[in-house]
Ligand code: DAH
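The chain below stands alone and is given as structure tokens, in the form predicted on its own.
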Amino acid sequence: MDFKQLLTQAQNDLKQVSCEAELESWRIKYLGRKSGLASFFKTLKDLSDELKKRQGQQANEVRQQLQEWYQKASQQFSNSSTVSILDYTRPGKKITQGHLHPLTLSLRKIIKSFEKLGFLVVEGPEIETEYYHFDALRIFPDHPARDMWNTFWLDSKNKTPSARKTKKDEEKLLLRAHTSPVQIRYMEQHIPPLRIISPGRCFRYEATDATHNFQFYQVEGLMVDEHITLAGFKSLITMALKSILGDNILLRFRPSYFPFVTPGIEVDVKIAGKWIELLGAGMVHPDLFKVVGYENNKWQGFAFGLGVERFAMLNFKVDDIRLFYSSDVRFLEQF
């Protein structure tokens, strides 16, 4: 076999290779199992010892040379392919990031608006005693809010061990239906003047529809000082609501009733020609000051409660409260 001619032909053919597919064809032709070189190795056993030694060595050198050429060409194609695929000047793929829930955005906006007016943020428990939730707020035993159809009552009483446990701590437990109990808890531990807001989740046993849900977020507000008036409340709440909803809103104040305030009012906003209730409020009833041990006829205050979902629906133009709790990514990604 003419090994010199084989190398010359293989080298010339390799110069014509322009892609990986052609290189593979070249490898099969010169290094494959049916190549001329492979056929020679099969006939090597039939040669004399002297020829077998001499030509076997030459054949091995030729095969080694062909393999080196193949590996070098393969590496060149691999490098050029990588360069053509990777464009280091292209911007990277954007990483998907999470974002805040629309209720969280609305709650933070509400909190920020009242913090600018000097209100301190405090919290209270979601599981309340009957005393703080009803009795201390003048919601008497025959009040309809105590009905099983309004309140999630819990089976057990408060069994938390405490050296300071009193009778009111041993009342029946329930999931709070409003954040108003925070008023009593805070006033028991603090002397006026004070101004607080208390955001938190509430629960009511009622049917779910486009504007109602069994769970919702509320922000309770309380301000107590020596010279608090209803006119002062109207001025302050107007500033807060305009900060939340915009300066061009039109508000309406109308009489209402809540057991723990007197007089009681409700605040509405006009949206697209319709009046929509925003919050309930009023001047703190004097009985609440007696309950917490404040000096008679010295302090006045106002309290209010607003629903976070209502503000979120207005801000984001959402017409169904259930969407906030649906976990539908298509809905949540809009905010």
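In this text, residue numbers run from 1 along the sequence as written. In this text, all values refer to a predicted model and were calculated from it rather than measured experimentally.
Omitted from view is the form predicted together with 3,4-dihydroxyphenylalanine (DAH), to which the following refers.
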Within a 4.5 Å heavy atom cut-off, is residue 151 in contact with 3,4-dihydroxyphenylalanine (DAH) in the predicted complex?
no
Hey, in the predicted complex, does residue 260 get a heavy atom within 4.5 angstroms of 3,4-dihydroxyphenylalanine (DAH)?
yes
Please tell me whether any heavy atom belonging to residue 269 falls inside 4.5 Å of a heavy atom of 3,4-dihydroxyphenylalanine (DAH), as the geometry stands in the predicted complex.
no
Would residue 204 sit within 4.5 Å of 3,4-dihydroxyphenylalanine (DAH) in the predicted complex, counting heavy atoms only?
yes
All three of 183, 220 and 282 touching 3,4-dihydroxyphenylalanine (DAH) in the predicted complex at 4.5 Å, heavy atom to heavy atom?
yes
Exactly one listed stretch (246 to 254, 91 to 99, 212 to 220, 112 to 120) reaches within 4.5 angstroms of 3,4-dihydroxyphenylalanine (DAH) in the predicted complex by non-hydrogen atoms, and it is 212 to 220
Within 301 to 335, the residues that have a heavy atom no more than 4.5 Å from 3,4-dihydroxyphenylalanine (DAH) in the predicted complex:
303, 304, 305
